[in-house]
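Structure 1 and structure 2, given next as structure tokens, are two forms of the same protein chain, each shown alone.
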Structure 1
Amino acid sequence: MAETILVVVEQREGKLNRVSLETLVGAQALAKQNGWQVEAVLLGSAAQLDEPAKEIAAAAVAKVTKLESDALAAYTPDGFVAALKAFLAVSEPKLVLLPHTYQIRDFAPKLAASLGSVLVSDSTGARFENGKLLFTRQMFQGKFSADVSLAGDGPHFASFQAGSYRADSLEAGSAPVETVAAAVGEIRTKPEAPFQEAKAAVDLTQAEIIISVGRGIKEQKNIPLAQALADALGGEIAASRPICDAGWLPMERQVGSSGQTVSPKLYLALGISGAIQHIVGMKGSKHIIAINKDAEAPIFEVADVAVVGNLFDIVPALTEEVKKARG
């Protein structure tokens, strides 16, 4: 019989998260390489699992299992580990793949360890090479990549970083859905309901999203255009030096050699030419999107995405589109 790859699918309040789908894609790719089969398991209360299980059942997997218990409605490491451990004893997969979310990293090492196994956390890919299963993961904060292998008979565990596979290439199919009453033992932690916090005073160095404006914004009265986009994206507004020197935005929002050095997930540069003194303050950003009407602007050298065009046309359209996407 073919070996099984089990994917632990994560749902929150009845909604699948994207990394789980990506992990399924990864599992499908590996399975195809070796003629293995993919199964999926979801944990939660009955009410939470119906919809996501249906969704997963429409993918090319051999089986979907709903591991149900009211005690699993709120995530706890004790509950999830106990339920999965019991389930793994029965299903005996060769490989367990998980999305590398905050929830997974909270319990997956414990689950693996409880079975005497080791988890390869935060992988960005996996492949069979000469019969050996190799996982790729970053080390030294991305300065190096490593190919790592796991010894022993398994089950082997690995979690995948968001973006390792493309969710839209999930192969469709039709799978049976089984329901298993989860075995949940003692739960020692008492979780309360998740909450959000009010935004604190501006600290650009901590911002995830920065919308930054340069001379291309032309006049102070155009600043709200950028502000609207920042609001729609839930980001902070920032600027290059000339804008702050002119007093259009406060100095604390200046990015560059004489201002803040930032490294957000997204740096959206609007009408910024990219003088070196600005670049040094933002080039560490994970993703840089630059909109500038000058195709030769140096900002494009550090940009991941370049849009050559008039920001006064593009920004309002983009703001609308973002609002639509956010619903």
Structure 2
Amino acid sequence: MAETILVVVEQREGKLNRVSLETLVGAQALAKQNGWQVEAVLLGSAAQLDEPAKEIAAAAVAKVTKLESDALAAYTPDGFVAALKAFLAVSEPKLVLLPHTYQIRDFAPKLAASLGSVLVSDSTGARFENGKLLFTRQMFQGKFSADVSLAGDGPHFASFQAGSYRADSLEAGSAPVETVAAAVGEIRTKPEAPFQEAKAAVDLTQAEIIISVGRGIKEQKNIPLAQALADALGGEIAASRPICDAGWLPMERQVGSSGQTVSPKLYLALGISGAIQHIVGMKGSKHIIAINKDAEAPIFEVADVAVVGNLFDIVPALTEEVKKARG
């Protein structure tokens, strides 16, 4: 019988986290390499899980399980760990993959430790090599990568960084959906609002279009130039670290190794030189357009479209063209 890769799919109030779909793509790739099968599990209340489960069931997975309980309607580490630990004891997967989100970072180490295992967190890829399962992790702010292997029988745990795989590469299928009553037990904590739902905060990992600014924007008073383009495109504004360090944009808008890792459909970099610390946070974007007056800027090495020119001339004209196209 084939070994199972179980993907823990994250949903919030009935809406899938996009990084979960990327994690499913990674699981499908691994399963193909070694003849394993992929299953998925979602946690929450019955009302929260119906639509996300249907969406996951349309992917090429063997089975989707809805792990239901009213006690899981609001996230708590106690509830999620107890429910998953009981479920894993029955399902016995060889490998458990998770999206590297704020929520996963909170409970996954506790879950792995409770089963005498470890978590390979924030992986950027995985593969089988000579029969050994290897996970790739970035080291020293992305300056180089290391392969990590796991010893023992499992279950092994790993989380994938946003942008490691492309959600639009998810293979379609038709999977059965099973409902299981979650064994939750005692919950010792009172749930509070998730981090990214705090006032003025933003979860850039869910954005499909990001307009990001760097030092080339020159002054804080020029930020509205980029914001106007973001508004016209229906996207989010972001920045490299120097912009956020200067207080020109909030820290939660920072993209890079010390900020958020993103994988939008479109990433438009304005006046960003392309330091490695920034590149590691956005190189998984499907389409990258970079505008910079320096023809030798490192950002052009990862860009799909490189525009050499003055952003103060190009961006206003581009904004007007977008507005015209959208009526």
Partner chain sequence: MKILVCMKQVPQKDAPLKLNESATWVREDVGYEINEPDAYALEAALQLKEKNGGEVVAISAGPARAQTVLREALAKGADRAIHLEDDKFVTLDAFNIARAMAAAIKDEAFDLVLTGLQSDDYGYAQTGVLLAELLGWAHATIIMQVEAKDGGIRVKRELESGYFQHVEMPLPAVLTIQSGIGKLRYATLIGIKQAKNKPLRKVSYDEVAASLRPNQLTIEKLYVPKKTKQTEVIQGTPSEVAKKLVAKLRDELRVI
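Since this is a predicted model, take the numbers as computed values, not measurements. We call the rigid core whatever largest set of C-alpha positions still superposes within 1.5 Å between the two forms. Please note that residue numbering is based on structure 1, beginning with 1 at the start of its sequence.
Chemist: Given the two isolated forms of this chain, which one is the form predicted alone?
Modeler: Pick structure 2 here.
Chemist: For residue 243, is the C-alpha shift between structure 1 and structure 2 2 Å or more after core superposition?
Modeler: The answer is yes; the displacement is at least 2 Å.
Chemist: Would you say residue 124 moves between structure 1 and structure 2, meaning its CA shifts by 2 Å or more once the core is fitted?
Modeler: Shift of 2 Å or more: no.
Chemist: Compare the position of the CA of residue 178 between structure 1 and structure 2 after a rigid core fit and state whether the shift reaches 2 Å.
Modeler: Shift of 2 Å or more: no.
Chemist: Rigid-core fit: what Cα movement does residue 307 have between structure 1 and structure 2, in Å to one decimal?
Modeler: Rounded to one decimal, the shift is 3.0 Å.
Chemist: Using the rigid core as the frame, report the C-alpha movement of residue 319 between structure 1 and structure 2, one decimal, in Å.
Modeler: On core superposition, this C-alpha lies 5.0 Å from its counterpart.
Chemist: In Å, how far apart are the CA positions of residue 208 between structure 1 and structure 2 with the rigid core superposed?
Modeler: In the core superposition between structure 1 and structure 2, the C-alpha of residue 208 moves 15.4 Å.
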